[in-house]
Every structure is written in C-alpha cells, then in structure tokens.
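Have a look below at one chain only, the form predicted alone, in structure tokens format.
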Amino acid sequence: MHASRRFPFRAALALVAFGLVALSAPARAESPAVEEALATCTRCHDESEPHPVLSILHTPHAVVADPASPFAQDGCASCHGPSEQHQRRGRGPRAAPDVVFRADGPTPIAAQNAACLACHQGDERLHWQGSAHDLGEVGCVGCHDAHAIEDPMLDTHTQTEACVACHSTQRAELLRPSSHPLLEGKMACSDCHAPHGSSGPALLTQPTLNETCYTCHAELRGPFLWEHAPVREDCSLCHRPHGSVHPALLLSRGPWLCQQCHDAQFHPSTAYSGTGLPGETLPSGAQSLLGKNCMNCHSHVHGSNHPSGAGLTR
C-alpha cells in the first residue's frame, strides 16, 4: 500500500497514544490487524474522497484502545459490514457496501439504524423504539455524521439548523420578535426535546411540559401561597414555546389574553379591542385599562407568597 495513504491511520494512532489515551496491551496487539483491514478501504477511500471519511480516525468511533468500540477489531466493517462484493474489482460499477449510511441510499433506514443501535442502545436511546422519529423512518445519519470530528448535533448552532431543516413551522416561529435564543446558539433543541424518544409528550425531556419549563425557570415552580390555576396546569395556556409576536412568548397581548378567562371579575366584562379610543364613549370603568395591561397591576401572575397577594398584585 502506498505510504501516503497509510499515514492518516498512523497519525490517528499517534494522537491516541500521546494525546487522548494510552493504548493498552491488547489494543497494541490488535492494531496491526485493524491497520491491515483499513488498508483495504483506504486504498480507494483516501483524502481525495468527496465525502471526508478519514476524519473518523480522529473521533471516538475509531479509538482502538476503547473496548466498547468494535472498530478495534473490525475497522470499517464494524459498521459497513464485510462488503466482500464491494471490495472485488471488475468491470462495470462497483457493488455498494453491505450497509450504506445515506438517507437516499440502497440500505433501508431500519438496517442503517440497527447498525448504530448495536452499540448505542442505552441512556437516551432507550425510548427510540416507537418514537416519533423512529416511526417517521428518520435515519441516524439524517442528523448525525459519524465521520465528522465534531458531531454537528453536539453544537448548539448546527443542531438547531439540523432540526429546523425538517421542522419548518418551528423555524418560522423562531424568527418572531419574542423567542427562545436557539438561533443565537445560547440553547439547543435538545435542552427541551429528546430526539431519540421520550416518555413525555412532543418528545419532551421531562414527563410534562411544565416540568420541562421548570428546568430553566425554577423560580416559577412554586408552590405559592396564592397560585394561578392555569400556571399550574399548563404553561402553553399562555405561552407559545418556540416564538411569538407578543412579549414573553405570550399567545396574545394583555388584557386580551387575561380576558379569555377573566371576563367578568372586578373589572368591566367588556372585551377590549382596538375600539374605545380617547374621545369615544367608553363603557363604565373601561378608562382604567385603556392602552394598559392587566399585568401592570397583577405583576406576580405566576403566583405570590405575599400575605396580601391574593390578587397576584404583590
């Protein structure tokens, strides 16, 4: 084999040996066999490959000292299969590998995912079977790149771009004036959603929407002396989680949001709208709320611990 094509693997072994982790005695014994197996693949799949493949040698997938990685024994075949027909030279197009990791490739998505799940079965993948992405036949390679030195799904910027590539509605909502800072890279979709499956609704990381929100907004968890019933029930009764044209991700601006429930208590039961501007005849008491907001007074709308906070005003 040409020396220049063997260098990437030798360089990766050197990085492992001197930088990342020291090779154990069994790994040293197996590394020549792995190098020989790789020589067959890198004879064609070298630095000139349109899709970078040699970068996998600098990732956790190709650490030969890791006993949890089958790469130490089988090299590329640990994921792509023996691919004997693919290795044979002859006239005409070369046969594809046994397992081709590509959304539009010849290998069914289920078979591609099975190759990944052979190792990645625990932790957050426990709920993969029967999840929304599994039933939608979403392949692991649709989001992840096993050959990349840095998986794009582990970066807050690139993860969001990968998610909204399919979830176009959420992409549009994130562009609204009030939104969670996903596009800015200050948080990721996986902070709230478990893409590999969840026991909660909408692939949420927690069993309920409120519990998911409380992971960041702990100050709103309570319990409070004076509680606001819809707050305890569901945050989405008032807030739109991905983005809104109203402040604080609200479904609509106060007082209209408040009057969806509070239509006849203490204040006039008139549903305020764009009418009733100064100079017009206003309903009795409506002047007190004209151009204002219920939350100007009821500022502790999520709950209050003040002895006089029954109206959530303090």
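In this text, all values refer to a predicted model and were calculated from it rather than measured experimentally. Start at 1 with the first residue shown and count on from there.
Form predicted together with a small molecule: not shown, discussed below.
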Task: Gly185, Pro82, Pro108, Pro207 - the one with a heavy atom within 4.5 Å of the small molecule in the predicted complex - done: Pro82
Open item on the list: With the partner left out here, check for me: in the predicted complex, does some heavy atom of Asn293 sit within 4.5 Å of the small molecule?
Closed with: yes
- [ ] Determine whether any heavy atom of Ser236 comes within 4.5 Å of a heavy atom of the small molecule in the predicted complex, and answer yes or no.
- [x] yes
TODO: Indicate whether Ala132 is a 4.5 Å heavy atom neighbour of the small molecule in the predicted complex.
DONE: yes
Task: 4.5 Å heavy atom contact, Arg176 to the small molecule in the predicted complex - done: no
